[in-house]
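Taking the form predicted on its own, here's one chain by itself in structure tokens.
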């Protein structure tokens, strides 16, 4: 059939638009060819065609199985051309159901046909738009198997198109599992083979690498399948190892290293696997160096951050690889948000566990200035990454006392946390606050002046257990060896009702930190008496609730330690002595099979019977009458409590005439 190649202005050629609706197949074909040639390369023409309402007719011509295959092909190619237009053009196509229509076509069109290839090219263009219309592609096993078959057997163009579509579509566990069952690992492996003496093609390799990465991300089952999938004589990890070498295109090496990283993090490869140690890690460190483009460096830093996030051996290896510290410092200087984010994340991962690495990071020229600037960055992804870096570095006692104080990092952090941040930033930021509020941190006092107590108390009321934990943990750190006015402020702001809510929390860690807070509040004799004079009934009730409840031993241990602290107060001792239930529990815990509870109960008894303090003789008599003296003697005789012998002996020595 004759092909028309006349380029026409659609706006002045309404007749051709009208002929699309003709019952004459020849006229329809002529109109389609003219329309197709007119929109190629012209966004203005594409927009004009779409605005004139032609798309539904094109979809009809494309989808009608009874029509001439050539008409269907030209209509599909025209749709594909429109899908290469502006984002507004693609959004309009999506709204008119184009993606769904293309997927429906792919269920029935012959494999290997030009029509199938054209439909896949059009769908690929639409799926390249963000957000992609992933709902148009159902997790239908028959369809997915058909698509992966195309990816293994069809033309190169069709294979690349379908792999790219599936890579975008694979966004969660359901999609990962469905694609694995449909054979997508094998399809991806087939695309990764580079024939000898040929030039690697990024346009072919990158989509396959992106699909493999999307399938393996945080999915141990799929990662294991990928590990065991072979093409020819090579497994997928071996194919990936070939692609991370220096002679491969940068984007290919980056994507291959990313796949190896995801396989490792999903548990398919151990951290000491040669393909990680000699493949992925050095490749990523190399790609961070300044001779590479900014986008490559940013992505490499982000992937390296994920690879080294949890494994100390990989952190140590990366820290000495290819001058990585200076490379990351250069990346932080880049203008793009992605570059800064990647570098901060990588610093955070590297410094997560090792004090020597933290020292190396801190000594990187000008880094702390960049971290502080990062906290103030308007891009939330950059500020979150900067907080992660700060959190990692704040685990260093030395840095808290020196560098952090020099740069007053608490100021922008507090500002960030007061500006209604998202849940992730709030979580990491409040964890960092926990470290900054340790007793040796000079930042504690100025942070109090900026409303840290009120902010942390509010955190304890959050629905997220992690935020409640961070809030109460930070308050506990703040109360450690604090002045009495600080302790009073914490108690006043937190309130007794909230204290009891936290003691009944569903998360045991929150309960432990709440008791830890009480323990820190009730330290120093003068503070103990002052606080107990105001909050005695609430504190004693809290202790009794725990001692009588079905709490784990470590929780009950904390409650007993609080009693021991109360027993160290001059006047507060009387509150314990006046409560016969508590005293009888003390006897029970001295005989408890849990050694840690015996030791905690011994701490309480020792403070109550201490000789030379006012009222000691009366307390000793009362405790002897209730069985404490007998329990101590039994404890001394017990071979199970040999490690407590000295402490028991000291406590018994306090009794005047009873021993």
Partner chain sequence: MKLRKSEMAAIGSGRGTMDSQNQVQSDTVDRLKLLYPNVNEEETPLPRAWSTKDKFSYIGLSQNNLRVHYKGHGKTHRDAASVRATHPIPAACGLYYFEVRIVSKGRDGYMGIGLSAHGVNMNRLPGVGRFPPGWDKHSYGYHGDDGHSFCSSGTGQPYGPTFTTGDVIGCGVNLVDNTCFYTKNGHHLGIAFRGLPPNLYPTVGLQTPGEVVDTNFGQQPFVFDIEDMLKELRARTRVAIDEFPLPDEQGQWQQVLHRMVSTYLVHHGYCSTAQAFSRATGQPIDEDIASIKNRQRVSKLVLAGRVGEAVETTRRLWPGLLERDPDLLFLLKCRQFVEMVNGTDCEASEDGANGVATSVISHTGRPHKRSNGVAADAAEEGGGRDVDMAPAANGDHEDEALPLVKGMPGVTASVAALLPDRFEADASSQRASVERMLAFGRELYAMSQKLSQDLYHKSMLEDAFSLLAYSNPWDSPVGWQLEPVRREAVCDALNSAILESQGMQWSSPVEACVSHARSLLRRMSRAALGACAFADLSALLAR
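Numbering follows the first chain given and starts at 1. Model, not experiment: these values are computed from the prediction.
FYI, the form predicted in complex with its partner chain isn't displayed, but the following is about it.
inquiry  = Just to confirm the contact call: exactly one of 241-249, 108-116, 559-567, 372-380 touches its partner chain in the predicted complex at a 4.5 Å heavy atom cutoff, so which is it?
reply    = Flagged stretch: 241-249.
Residue 174: heavy atom within 4.5 Å of its partner chain in the predicted complex? Flag for residue 174 set to no.
Query raised in the report: Looking at the partner-bound form in the predicted complex, is residue 503 within 4.5 Å of its partner chain by any heavy atom?
Result: Although its partner chain is absent here, residue 503 would stay clear of it in the predicted complex, with no heavy atoms inside 4.5 Å.
Check: Is residue 321 close enough to touch its partner chain in the predicted complex, meaning at least one heavy atom pair within 4.5 Å?
Finding: Residue 321: contacts its partner chain in the predicted complex.
| request: May I ask you to check whether residue 334 falls inside a 4.5 Å heavy atom distance of its partner chain in the predicted complex? | output: Although its partner chain is absent here, residue 334 would stay clear of it in the predicted complex, with no heavy atoms inside 4.5 Å.
Selected contact from 310, 493, 530, 277, since only one has a non-hydrogen atom within 4.5 angstroms of its partner chain in the predicted complex = Going through each option in turn, the one that passes is 277.
- Query: Which one of 192, 254, 367, 317 is close to its partner chain in the predicted complex, taking close to mean a heavy atom within 4.5 Å?
  - Reply: Only one listed residue qualifies here, and that residue is 317.
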